[in-house]
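Single chain ahead, written as C-alpha cells, the form predicted on its own.
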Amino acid sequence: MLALAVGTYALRLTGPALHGRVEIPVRVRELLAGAAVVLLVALLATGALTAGGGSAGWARPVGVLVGGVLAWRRAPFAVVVLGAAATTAGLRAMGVG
C-alpha cells in the first residue's frame, strides 16, 4: 500500500517538476486526447450495457443515452443525472427491465 502511495505521489509531482523542460509534440497530444475519449466511451459502454457478467437490459442503456443527450445539450449536471435516473426508473417501473 505504501509503494502505491509513493508511486502515485511521484507521478503527481512529475508534471510540475517537468513543466517547461519537456515538450510534447502536438501529434502526441492529439493522440492522447483521442485515447482518453476512447477509454471513457469504453468505460461508459461497459457500465451501461453489462451487469453481473450479463446484459443490463434496456432500461439502463436508454437512461445513459438520455443522460448523454442532456449533457451534449449542455444541461446542468443535476438535470443530466436526474433525467438519466428518472428515465431508467420509469422504464423499470413499466417492466422494460
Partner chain sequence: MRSLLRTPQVRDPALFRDISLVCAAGGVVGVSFGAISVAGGLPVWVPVVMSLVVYAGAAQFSAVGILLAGGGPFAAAATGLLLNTRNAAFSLAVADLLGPGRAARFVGAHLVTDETVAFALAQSDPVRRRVAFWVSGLGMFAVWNVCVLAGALAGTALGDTATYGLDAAFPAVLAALVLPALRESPPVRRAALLGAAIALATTPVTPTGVPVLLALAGLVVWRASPEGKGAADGRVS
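Just so we're on the same page, rigid core means the largest C-alpha set that superposes within 1.5 Å between forms. Numbering follows the first chain given and starts at 1. Given the structure is predicted, the values throughout are model-derived calculations rather than measurements.
From this point on, the text means the form predicted in complex with its partner chain, which you will not see here.
J.: Although its partner chain is absent from this view, report whether residue 96 comes within 4.5 Å of it in the predicted complex, heavy atoms only.
T.: No, residue 96 stays farther than 4.5 Å from its partner chain in the predicted complex.
J.: Go through 30 to 54 residue by residue and record those having a heavy atom within 4.5 Å of its partner chain in the predicted complex; state none if no residue qualifies.
T.: Counting only heavy atoms within 4.5 Å of its partner chain in the predicted complex, the contacting residues of 30 to 54 are 30, 31, 32, 33, 34, 35, 36, 37, 38, 39, 40, 41, 42, 43, 44, 45, 46, 47, 48, 49, 50, 53.
J.: Do you see a C-alpha shift of 2 Å or more at residue 34 between the shown form and the other one, with the core held fixed?
T.: After core superposition, the C-alpha of residue 34 moves 2 Å or more between the shown form and the other one.
J.: Once both forms sit on the same rigid core, is the C-alpha displacement of residue 49 at or above 2 Å between the shown form and the other one?
T.: Result for residue 49: no, shift under 2 Å.
J.: For a quick test of reading the superposition: does residue 82 move by 2 Å or more at the CA between the shown form and the other one, rigid core aligned?
T.: No, the C-alpha position differs by under 2 Å between the shown form and the other one.
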